[in-house]
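Only one chain is given next, in structure tokens, and it is the form predicted on its own.
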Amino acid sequence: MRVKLWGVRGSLPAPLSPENLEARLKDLLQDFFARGHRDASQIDAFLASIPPHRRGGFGGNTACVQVSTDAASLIIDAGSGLRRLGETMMGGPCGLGRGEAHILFTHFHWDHLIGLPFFIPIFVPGNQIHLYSVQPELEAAVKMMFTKPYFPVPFEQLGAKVHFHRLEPRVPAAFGDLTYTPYRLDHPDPCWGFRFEHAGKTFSHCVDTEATRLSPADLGPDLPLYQGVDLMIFDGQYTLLEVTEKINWGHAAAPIGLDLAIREGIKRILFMHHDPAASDDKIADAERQTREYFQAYQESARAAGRPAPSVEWAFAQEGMTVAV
């Protein structure tokens, strides 16, 4: 099972401004020469030594994640990252790709929908586009997007055939050699995470959650979303301080996900849904705070004579691909 991140921002796309890009280039060039480099042959080695957030950054497209095996491919959410995924499926911006696409929706906030009108395969005659959600409003929400004055092409004139599917909460569904199950997250509007299983491995997508339910008793029927998981993608939009300032905004902080992972034995976590107001430097600082939190947790365990927890984790970058 492979998980590819086509968009990791939350709430709103956040591309680098020309001023920020120029400042980043200037900073890198100054660092390059300050280290004594003078030759173009040294560029690759120099860039490899630079933290990722100073090179390409974490990315600016909103939520879109692809889960695939050799026999199946499912897309989670249609954020702005879906546009590039669509181009890839077409064989490039001017390609003629045909076939099927299957998109699961966590919920219908704009940042999880805005890529759909720019998903090229939906305009290609003969294509089959399958859209899935637990919520009953999916068809109405999608058709509303393809109406004037929001978008010039009406739903009825799309080239592809669009199929709408209603998912049963907490009931496993099969797709090729993948099995997926929707579980409820903690968000102001109903939002559903997904647990994927393939060949004895498990991936859980838990984004757009404030994680207000943390104990096994409070999670109740949604606890399996976090149990026996090899990879979890978790909402890390805010720092711990920001979470206390933004109660009921529907988003969490990375240390909350770490606490869940330690308790439930989750092996690896990627944190995404980065705040659109956060610069790459600010996200990197949140990553530093999370590292300090985790190290303090490990030291506390050792001091108490317990084994230090071991969880592999990182803040997600657009374009990452993870094998599960």
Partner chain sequence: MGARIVDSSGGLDITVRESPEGSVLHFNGCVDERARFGTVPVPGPNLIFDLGGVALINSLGIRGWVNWMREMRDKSFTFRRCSKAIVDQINVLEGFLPPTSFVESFFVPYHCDACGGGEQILFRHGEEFEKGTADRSGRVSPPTGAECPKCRARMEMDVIESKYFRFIRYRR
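Numbering follows the first chain given and starts at 1. These figures come from a predicted structure and were not determined experimentally.
Keep in mind that the form predicted in complex with its partner chain is not shown, yet the notes after this line are about it.
Comparing 286-294, 267-275, 36-44, 66-74 against its partner chain in the predicted bound form, the single stretch with non-hydrogen atoms within 4.5 angstroms of it is 286-294. Exactly one listed residue, out of T179, T147, Q227, T212, brings a non-hydrogen atom to within 4.5 Å of its partner chain in the predicted bound form: T212. This chain appears without its partner; in the predicted bound form, the one residue of V243, L231, M90, V162 with a heavy atom within 4.5 Å of its partner chain is V243. Although the partner is absent here, L28 lies well away from its partner chain in the predicted bound form, with no heavy atom inside 4.5 Å. Residue contact with its partner chain in the predicted bound form: G60 places no heavy atom within 4.5 Å of it. In the predicted bound form, its partner chain stays beyond 4.5 Å of every heavy atom belonging to A23.
None of the heavy atoms of L12 is located within 4.5 Å of its partner chain in the predicted bound form. Each of I247, A301 and A304 is positioned with at least one heavy atom within 4.5 Å of its partner chain in the predicted bound form.
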